[in-house]
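This document opens with one chain alone, in structure tokens, the form predicted on its own.
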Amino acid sequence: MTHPTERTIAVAGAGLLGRLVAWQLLRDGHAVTLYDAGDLEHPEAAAWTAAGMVAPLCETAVSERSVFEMGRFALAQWPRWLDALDASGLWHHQGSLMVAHAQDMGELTQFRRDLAHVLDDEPPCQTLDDAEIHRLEPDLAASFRQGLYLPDEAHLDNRELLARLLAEIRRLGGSCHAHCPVDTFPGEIETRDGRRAFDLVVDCRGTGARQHHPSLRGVRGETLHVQTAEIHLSRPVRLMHPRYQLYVVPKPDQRFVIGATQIESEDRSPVSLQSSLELGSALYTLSPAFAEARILEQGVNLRPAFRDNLPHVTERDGLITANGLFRHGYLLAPAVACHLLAGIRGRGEQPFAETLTGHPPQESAA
């Protein structure tokens, strides 16, 4: 297969993966057209609702070794891309902290066991006593007596990143089409106005591409955005609980994103009262200072997932599809994007090809 230096390429879906791929292809000199069914400035993508954590250890305990390996790749790749965007200030590599109330300490112990089982060795985390917890995060409640510190984890300012990517796509001459639902075919994009031919089509539409992926499902996630000057956190904090893991991620302007829910439902209706009460109550137990926090936003979105909860890439002549990032968007997007780009460029390594190119459950190569 030949790879001309300049090709016309359509990217369907302007979420995180679509923007990363479009940006890199424009830097390679291709003519790129980006389509999205929603708004580009305030996208409906799961990447906008997400907290922006790059936490391979936290996710590996309830996932697979491949997730950990792709997460380690992300920890190395994100700083390179952010430097290229002149946005290194969006990257925060201060690790993450896990805590539990006295009655839930077994959850921390079980987490460490699960992690060791997946990694086949002693996990790279540190057990902390109460003094060490409060040296890391002085504003947490004084009742926490033991925690786990995961120094290799990170988070980023996801909404600012999406804005920076869009601005750079436009600066490089990318053609961007908002509120423009499409369907994808080998070498063609179909819009309301008809079909348009391209040298290559890259489909990153998430749940919007379900007609091409029978086993794809949406998994509901809910987040709470609050603002307060009464508490400062330097890193994501996870509260272990028998029913859920609540996470709190600091954002600019004294904002915090709180989440926990993973619901096997494709309901996009607003956050339920039960979820709101659970998130708020758990947040208050992390620090009573959150009591005066102002609720800015309640977010709901669907994470695209296959039955194995792993991403998959399929390629036909003129069409590449990438989907199924599940709740691991910022963790796995670098590995998936680099795999796609190496294939399009005809050079570069694809270390995760075995995981990414295995056919999704109950799907064929057709």
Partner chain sequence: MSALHDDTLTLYGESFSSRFLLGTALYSSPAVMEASIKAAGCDMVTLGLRRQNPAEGDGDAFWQILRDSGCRLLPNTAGCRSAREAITLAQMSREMFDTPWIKVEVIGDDYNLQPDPFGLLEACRTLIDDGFKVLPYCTDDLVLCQRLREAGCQALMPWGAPIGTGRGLMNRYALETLRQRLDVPLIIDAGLGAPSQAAEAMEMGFDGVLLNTAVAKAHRPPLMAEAFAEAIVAGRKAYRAGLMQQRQTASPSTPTLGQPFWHSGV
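This is a predicted model, so every value here is computed, not measured. Positions refer to the first chain, counted from 1.
There is another form of the same protein, the form predicted in complex with its partner chain; it is not shown, and what comes next is about it.
Colleague: According to a 4.5 angstroms non-hydrogen atom cut-off, is residue 263 in contact with its partner chain in the predicted bound form?
Modeller: Because a heavy atom of residue 263 falls inside 4.5 Å of its partner chain in the predicted bound form, the answer is yes.
Colleague: Can you tell me whether residue 267 touches its partner chain? I mean in the predicted bound form, with a 4.5 angstroms heavy atom cut-off.
Modeller: Contact check for residue 267: yes, within 4.5 Å of its partner chain in the predicted bound form.
Colleague: Applying a 4.5 Å heavy atom distance criterion, does residue 309 contact its partner chain in the predicted bound form?
Modeller: Yes, residue 309 is a contact residue.
Colleague: Could you confirm whether residue 62 comes within 4.5 Å of its partner chain in the predicted bound form, counting heavy atoms only?
Modeller: Yes, residue 62 sits close enough to its partner chain in the predicted bound form that at least one of its heavy atoms falls within 4.5 Å.
Colleague: Choose one stretch from 227-235, 107-115, 285-293, 72-80: the one whose residues place a heavy atom within 4.5 angstroms of its partner chain in the predicted bound form.
Modeller: Only one stretch qualifies here: 107-115.
Colleague: So which of 143, 103, 127, 281 reaches within 4.5 angstroms of its partner chain in the predicted bound form, heavy atom to heavy atom?
Modeller: It is 103.
Colleague: Of these, 217, 159, 92, 251, which has a heavy atom no more than 4.5 Å from its partner chain in the predicted bound form?
Modeller: None of the other options qualify; the answer is 217.
Colleague: Counting only non-hydrogen atoms and a 4.5 Å cut-off, give the residues of 226-243 close to its partner chain in the predicted bound form.
Modeller: Sequence-ordered list has one entry, 243.
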